[in-house]
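Take a look at this single chain, the form predicted alone, given in structure tokens.
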């Protein structure tokens, strides 16, 4: 059993029943020319967590535990993208429109790919999701149940949208959840700070948070700690 001195109190998990979830580290959100930039955001803010995620992934993989990557993307005919989502706001380009990396947030297009620096390895799960949360219309819960997963550790982007949505969905399904503070990011720093506070408030009402160094340290063999 691993123990992390998390907020608001210790988080306990064992690797056999835990998964590291990397939310939407896709070119469309992290690189220029993608959907995030089309919304007018500074994508460099999201790129800042890539080195931390690389270190965390390396440690988690060495420990031999499950890694799950998600990609927010839609079918080419956009049948799984409701107008209430596609027509919201006034972006320079909308979901499905052609951009520098292909059609935005469409499965199979270059922009929907996970960035090369965080490419999934053989055997890791890649979940394509049409919504902000990782559980909506994906079958993820059933796969996790079959694997005996009880604890989910969340990273990725953006903190207040897809990461928070996924963590709240997981909490409703009975998973014990932790978000890694410096392995998640938002285009808006104040939104990230508020989200971390909301998720961990009232005795971990949704879950816990902790910096990556504590999680990485917990993964080291006892003789190396």
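Remember, it's a predicted structure, so these values are computed and weren't measured experimentally. Residue numbers count along the first chain shown, from 1.
This protein has a second form, the form predicted in complex with a small molecule, left out of what is shown; the following refers to that one.
Chemist: I'd like to know if residue 68 sits close to the small molecule in the predicted complex, meaning any non-hydrogen atom pair within 4.5 angstroms.
Modeler: No, residue 68 sits far enough from the small molecule in the predicted complex that none of its heavy atoms falls within 4.5 Å.
Chemist: Residue-level contact is defined here as any heavy atom of the residue lying within 4.5 Å of the small molecule in the predicted complex; does residue 94 satisfy this criterion?
Modeler: Because no heavy atom of residue 94 falls inside 4.5 Å of the small molecule in the predicted complex, the answer is no.
Chemist: In the predicted complex, does residue 151 come within 4.5 Å of the small molecule, counting heavy atoms only?
Modeler: Because no heavy atom of residue 151 falls inside 4.5 Å of the small molecule in the predicted complex, the answer is no.
Chemist: So, residue 63 and the small molecule: in the predicted complex, are they within 4.5 Å at any heavy atom pair?
Modeler: Outside the cut-off, so no.
Chemist: Among the candidate stretches 175-183, 153-161, 194-202, 55-63, which one is within 4.5 Å of the small molecule in the predicted complex when only heavy atoms are counted?
Modeler: Among the listed stretches, the partner-contacting one is 153-161.
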